[in-house]
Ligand SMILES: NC(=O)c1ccc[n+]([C@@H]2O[C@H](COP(=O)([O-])OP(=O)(O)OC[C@H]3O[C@@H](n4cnc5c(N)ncnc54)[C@H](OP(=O)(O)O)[C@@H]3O)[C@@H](O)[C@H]2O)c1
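Only one chain comes next, encoded as C-alpha cells, the form predicted on its own.
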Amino acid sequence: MKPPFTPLNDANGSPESWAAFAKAFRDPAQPLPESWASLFGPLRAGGKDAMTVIGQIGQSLDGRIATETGHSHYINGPAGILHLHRLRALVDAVVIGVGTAIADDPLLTVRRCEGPHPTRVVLDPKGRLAAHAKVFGCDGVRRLLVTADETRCAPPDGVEVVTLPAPDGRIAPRDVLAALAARGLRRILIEGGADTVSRFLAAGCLDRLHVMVAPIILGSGRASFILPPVARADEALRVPMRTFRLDDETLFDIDLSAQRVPLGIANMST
C-alpha cells in the first residue's frame, strides 16, 4: 500500500518547503524538491501545444459537489482546500464558469500558501456576472471575461474582454484555451463548477484531472460530472490514475494526456 502523501509545512524552514518548491517549479533549469515532485511534477512541462490544462473537482465519497440546495461550503476539509490553493499558485490562469462565479462569488486568489496569484478568467457567454463580483476585484492581478461575440458586457475598468463564437450559447473549450494561449497563458486550471470541468473533459481539453474526495456521504445532491451517457460499462473512459492521501482526504490524480486534442496553436516554451 502506498504511504500517505504528507506535504511539508510551509513554515518549517526546510529547503523542501512549499515556498522552495513553488519557486523552483517555474524555473525549468531547477530540479524539483523531491517531496513535492511526485504529485506536482507532471504539471510542470507543457503537453500538446506547450500547454498544460488541469481540471479540479472537490467532492464527497458518493460523487457530490453540493447538496440539493446547492450548499457546498465546505465539502472538502483543510487539506483539500490547501491543495486547491497550491494548484492556483502553480498555474498562469484559473478558469471558472459564470454559474460558479455567481453562486460562490470566489476570490480565486492564493491565500493558504505562498505563491503568485493567477490570472482570473470567467466564462460568461451571456454577460450575466455583475461588475461588483469579487473575481473582478482590482488587486493588481490580470482579469479576463470570456463572452460571446454578440454579447454586450460592461465589466469594471481593467478587465480584459475576450469575445468568441458561441453558436449554441456556449463557448467551445478548445476556443477558450486557444484564446488564453494567444495571451501568453499556458498553464491553466479549470476550477469549476461541475458543468465547466465536465465540458472541458468531454471535449478532450484536459491533460490531468485532480479529484479530491472528502470522507463524507451526502446521499443526494449535485453530481461531480455531467457527461454524455454510455450504453455499456465497457464503453466508459478508463484512464491511468494515481492516488495520494492528504490527511483524511484522498486525491485522485488522473492522466488524460492521451486523449487531449491538439489546439492547432504555435508551440511556445512555458
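The first residue of the sequence shown is number 1, and the count goes up from there. Please read these numbers as outputs of a predicted model, since none were measured by experiment.
The protein also exists as the form predicted in complex with the ligand; that form is not presented, and the subsequent description refers to it.
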Check your understanding: So in the model of the complex, does any heavy atom of residue 112 sit within 4.5 Å of the ligand?
Key -> no
Check your understanding: Can any non-hydrogen atom of residue 70 be found within 4.5 angstroms of the ligand in the model of the complex?
Key -> yes
Review point. Using 4.5 Å between non-hydrogen atoms, is residue 143 touching the ligand in the model of the complex?
Key: no
Review point. Does residue 195 make contact with the ligand in the model of the complex, using a 4.5 Å heavy atom cut-off?
Key: yes
Review point. Going by heavy atoms within 4.5 Å, which of 177 to 185, 155 to 163, 133 to 141, 118 to 126 lines up against the ligand in the model of the complex?
Key: 118 to 126
Exercise for review: Scan 214, 43, 66, 209 and let me know which has any heavy atom within 4.5 Å of the ligand in the model of the complex.
Suggested key: 66
